[in-house]
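The chain below stands alone and is given in structure tokens; this is the form predicted alone.
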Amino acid sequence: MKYSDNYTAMDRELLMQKVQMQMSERRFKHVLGVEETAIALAEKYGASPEKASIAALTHDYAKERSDEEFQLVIRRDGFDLALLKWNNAIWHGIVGADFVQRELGIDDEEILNAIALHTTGAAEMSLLAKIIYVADFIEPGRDFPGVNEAREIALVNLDDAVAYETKHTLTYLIEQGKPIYPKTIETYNKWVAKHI
């Protein structure tokens, strides 16, 4: 895909190189799977394939950073200090968008928001944010009970795919006795428990 210069000064190849330098080979393969899926969903649902590509390639840019680096940025850059109670699973999206903006020079709010929300979701998500949220869950390298159903749902109705993913993730967290990030509860209330 050829980029237009509207969202990044880099071409796709250079962006891929910069992303690849920040992660393991396994993580990079996942990122490429998310990009492939996000572009397909963008084309299906009328979002920008270019924005989908950029957001997908950068969504896990900070995933393999140290806890200390995240904690430093949270304190230094004015994030809500309550974030310090969480971990990489939350930080790499919310704080990761900050790394993408500062280090890669990507300033598009919709792209940054999609990166920030890709693990927690939100009650209000743009079309691009929903695409990245779902693509991260269903990319070809994912293999877990329910992923094929999630893929089928994503081809029919993106909002239903958001709901399916959110319910699946919350069920897993509850079964594992894990804490649930408040924004994920908001996501559930909006997309799953539609009566609220």
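Values in this document were obtained by computation on a predicted structure and should not be read as measured data. The first residue of the shown sequence is 1; numbering continues from there.
Separately, the form predicted in complex with a small molecule exists; it is not shown, and the next lines address it.
Open item on the list: Please tell me whether any heavy atom belonging to T184 falls inside 4.5 Å of a heavy atom of the small molecule, as the geometry stands in the model of the complex.
Closed with: Yes, contact at 4.5 Å.
Open item on the list: So, R142 and the small molecule: in the model of the complex, are they within 4.5 Å at any heavy atom pair?
Closed with: Contact with the small molecule, yes.
Task: Proximity of M16 to the small molecule in the model of the complex, heavy atoms at 4.5 Å - done: No, no contact at 4.5 Å.
Task: Proximity of I90 to the small molecule in the model of the complex, heavy atoms at 4.5 Å - done: Yes, contact at 4.5 Å.
Task: the small molecule in the model of the complex: contacted by all of D60, D136 and L173, heavy atom 4.5 Å - done: So, yes: the whole triplet contacts the small molecule.
Open item on the list: For the interface check, one of 156-164, 37-45, 143-151, 60-68 should have non-hydrogen atoms within 4.5 Å of the small molecule in the model of the complex; which one?
Closed with: Single hit among the candidates: 60-68.
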